[in-house]
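Just one chain is shown here, as structure tokens, and it is the form predicted alone.
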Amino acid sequence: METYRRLFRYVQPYRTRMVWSVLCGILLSGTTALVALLVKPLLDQIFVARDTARLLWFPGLIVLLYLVRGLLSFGHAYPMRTIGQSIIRDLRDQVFRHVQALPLGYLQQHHTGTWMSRIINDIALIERAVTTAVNDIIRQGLTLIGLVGVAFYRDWRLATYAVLVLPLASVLLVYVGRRLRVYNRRAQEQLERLSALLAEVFSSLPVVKSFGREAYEHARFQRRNAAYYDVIMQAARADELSAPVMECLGAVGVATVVWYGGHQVIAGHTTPGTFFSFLTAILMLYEPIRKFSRLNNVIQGSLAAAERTFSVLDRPSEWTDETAKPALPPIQHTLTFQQVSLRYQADGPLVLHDIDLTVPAGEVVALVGASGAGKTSLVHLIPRLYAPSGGVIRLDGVDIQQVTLASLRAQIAVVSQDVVLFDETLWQNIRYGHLQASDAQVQAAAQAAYAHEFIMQLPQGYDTVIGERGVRLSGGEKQRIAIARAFLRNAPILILDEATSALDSAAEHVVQYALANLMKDRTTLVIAHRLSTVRHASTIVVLHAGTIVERGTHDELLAHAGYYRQLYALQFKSQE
């Protein structure tokens, strides 16, 4: 019931249209019952009494009745469809906004395809319930009530026999509904896995093709597709069996009516018109019952999807309690780490521990160490992509956990090795750093990043759409666009996460000039695999196994003959 209540809350903004739709539905159901009522006068007063005068206007009444029914049907169905689509739009917006606000650690526990499936497939199933099922529940439910009323009005004893099958039908609906909800939940889980595989393969096609693994990936797809097919067919069997069983139950009721009612007419206890009016109501009555069987199946699938959707919405976001926190003023003095530790999972190993570090404003600090030493984990703590498991991080003495995320992240710009660009124009990709920037500001940022020249050589200049993840640009060009974006953000803290490690020497040369411009007068943390960046850093911090083992300048650390000197011999010396 809680799921029903939560779904109903989304109807509240559209209650005026809902009232109009229900009103039209009531009138429409009334005309359906009126059709059954008209059978008696048609038979008794026209055909049995042979009244040709009434026969002349009766066809016109029928045409008028169905014209009214058509208008009422549109007045009922169209507003209900608009309500349903509006609710789905609102729900999809809410889920997308909430998923973006979830902590990064939780998001990374699930595949990208999982979130795509939740936002597209699950809500599409809810759409079926809201737009189709709710519409038919109101219409068929009111029709059912009207026809039952006609049946009891014509002959209450006969009507009692006819509706005796309804309790049995209700038990069947409940049983099938429960099974279908289980099957539909399994189907949604299998579809989620299938979506995850598709997202993974399509985002990795260069690797798939390079290794010639098309057949291997096809086999993986076949297995997951077959698993989805199997559970869908389980649901289909339950779905398709329910309607014939309901029709058989209905046939028992109709057969009872024909047998008993026929004897009543033959014995002269009732008129043919009364009996056939009653029989028409009963025959029309079983149609909404049969549709209810189908509707129940649709609703059960939608409820399973709604439960999964609400489980996502119930996850606390990283913006919880943000309104009670103050904004962080611009950094003036230092960034400090005090006894900071980090676990990605509550029961997982420590990836960082005993981190004590002070970064004065305006200085460049290089983080070096072997892969897995904790360099990226350390810088991810600054914009609160993860929360420290222990210790505290402060900006000018203020705990960053106690200020608003928006004000904290507004002071941070990031340029990483894996540049993320969007399938938009270069205007939009650079302006991502500052959405309100003017064209002149965008071009100034591109010039500072040494990107303006190559942009102007493109056929459409800044209006060039660069494809998914910037596929139409080279590695160095993508990196310079990312730097231009960071320029436009103009944040006092800059994080460079191996920003040049994937570039060749020629591309790196240009990018290093751009980075030098970007680093001026900013507090910069650099994860470096290049000697040029390390050598000119104010301080080099050496990490090993998740903790700081050395710190100092390049010359000081070489003279110390410690772990940094080993890294230098293995990693940096050849670059000289």
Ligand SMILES: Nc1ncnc2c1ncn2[C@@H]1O[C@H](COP(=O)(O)OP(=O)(O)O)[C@@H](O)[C@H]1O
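Start at 1 and count along the sequence shown; that's the residue number. On a predicted model such as this, the values are computed, not experimentally measured, just so you know.
Omitted here: the form predicted together with the ligand. The next part is about that form.
At 4.5 Å between heavy atoms, only one of the stretches 74-82, 370-378, 311-319, 400-408 reaches the ligand in the predicted complex; which one is it?
Contact-bearing stretch, as computed: 370-378.
Could you confirm whether residue 386 comes within 4.5 Å of the ligand in the predicted complex, counting heavy atoms only?
Yes, residue 386 sits close enough to the ligand in the predicted complex that at least one of its heavy atoms falls within 4.5 Å.
Using heavy atoms and a 4.5 Å limit, would one call residue 351 a contact residue for the ligand in the predicted complex?
Result yes; residue 351 sits at the interface with the ligand in the predicted complex.
Check whether residue 344 has any heavy atom within 4.5 Å of a heavy atom of the ligand in the predicted complex, and answer yes or no.
Judged by the heavy-atom cut-off of 4.5 Å, residue 344 is in contact with the ligand in the predicted complex.
Is residue 108 close enough to touch the ligand in the predicted complex, meaning at least one heavy atom pair within 4.5 Å?
Output for residue 108 is yes: heavy atoms within 4.5 Å of the ligand.
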